[in-house]
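A lone chain, given as structure tokens: the form predicted on its own.
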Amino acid sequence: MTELRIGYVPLTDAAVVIAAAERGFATRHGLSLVLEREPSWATLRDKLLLGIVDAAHLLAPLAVATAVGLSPGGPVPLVAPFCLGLNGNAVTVSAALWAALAAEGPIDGPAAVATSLGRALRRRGAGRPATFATVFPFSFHTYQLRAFLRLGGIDPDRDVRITVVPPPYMVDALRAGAVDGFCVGSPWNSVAVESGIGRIASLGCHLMPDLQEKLLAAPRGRLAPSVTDALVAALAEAAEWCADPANGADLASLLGEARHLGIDPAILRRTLDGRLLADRDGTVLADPAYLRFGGDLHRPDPGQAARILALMAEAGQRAPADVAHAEPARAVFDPAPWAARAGCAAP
């Protein structure tokens, strides 16, 4: 039995890693997965690079930034043989801010919500700029938040302040009034709603669909090829289990345990079903694509690299032009172990 230490941040899209460790899929392939929960992406990245964990549930843009040298410490080649799922984020605003933007007129859909938000912020005036949080600078959360703001005519670099808050602390930041809204992954948007302090303004998949949001990543060469193959096989089986609606209650209960997310399973079940309560009045935002598991979507897509680098450049993150289609970025997404498992050749 080969032991691997796998780091993760408490989010619903860590489900495949948690299920692989807890429901026997890893053991079936000769692996013992020791799960290490971390509160922030910065801490998890550092532990991965220092070798404290062998692999990690990691933001795809952070993996690319690390590989091409945009993250502190210089370039470190990372490789991701498995995508952990698609989508899973949402933009949430404080209940007070939602009341202000709702007063601006009918709001239905991300563009209308963002337009009302723009009007509300302009009414507030430049002396009180709104603060929004993202989970990490190099994240799809950052790019989705910026896209949402631009829908409302809000310049994300001049009209608001964008700060970084680790996912488990987003709700506390909103409650304390430190931020007016945030973009974060499930289940923290729903926790804000259940707490009566937030209102979901838009699902992330309605802003940027089909994102390979999180990857299972490791420094290149850290995992032996045979171990990588076994890990991909175990994760693929766990993903199919997670995708099966018949396992929804069991998965929500597993994720809800205190040692994992520590969240009411009922909240997690709604997330897994793609039916999120947007407010305490019972408004539902439903989309089966909100968070997706299963099938070929777990195959890492090298084409995501150019998309990520373009978003980095738009956000002013200094992605150098000669990196935009360079091998270090594409090489993060390694479809070969998935293709080998499927019995076909990787492109």
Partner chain sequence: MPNTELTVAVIDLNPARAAIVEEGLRASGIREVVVIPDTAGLLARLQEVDPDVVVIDLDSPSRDLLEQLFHVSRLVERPVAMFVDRSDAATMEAAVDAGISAYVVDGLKPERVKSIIDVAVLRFNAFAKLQRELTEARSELAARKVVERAKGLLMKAKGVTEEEAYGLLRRKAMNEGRKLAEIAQALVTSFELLE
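Residue numbers count along the first chain shown, from 1. Bear in mind that the values here come from a model prediction, so they are computed numbers and not experimental data.
Below: the form predicted together with its partner chain, not depicted.
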* To do: Answer yes or no: in the predicted complex, does its partner chain come within 4.5 Å of a heavy atom in every one of Ser253, Leu291 and Gly294?
  => no
* To do: Answer with one of Leu151, Ile162, Leu86, Ala95: the residue that has a non-hydrogen atom within 4.5 Å of its partner chain in the predicted complex.
  => Ile162
* Asked: Heavy atom within 4.5 Å of its partner chain in the predicted complex: which of Arg299, Arg307, His29, Lys47?
  -> Lys47
* Would you please decide whether Phe136 lies within 4.5 angstroms of its partner chain in the predicted complex, comparing each non-hydrogen atom pair? => yes
* To do: Classify Val68 as contacting or not contacting its partner chain in the predicted complex by the rule of any non-hydrogen atom within 4.5 angstroms, answering yes or no.
  => no
* Check whether Ala42 has any heavy atom within 4.5 Å of a heavy atom of its partner chain in the predicted complex, and answer yes or no. => yes
* Asked: How about Gly274: is it within 4.5 Å of its partner chain in the predicted complex, going by heavy atoms?
  -> no
* Among 183-191, 225-233, 260-268, 162-170, which stretch has residues whose heavy atoms lie within 4.5 Å of its partner chain in the predicted complex? -> 162-170
* Asked: If you look in the predicted complex, which residues in 75-93 sit within 4.5 Å of its partner chain (heavy atoms)?
  -> Pro75, Val76
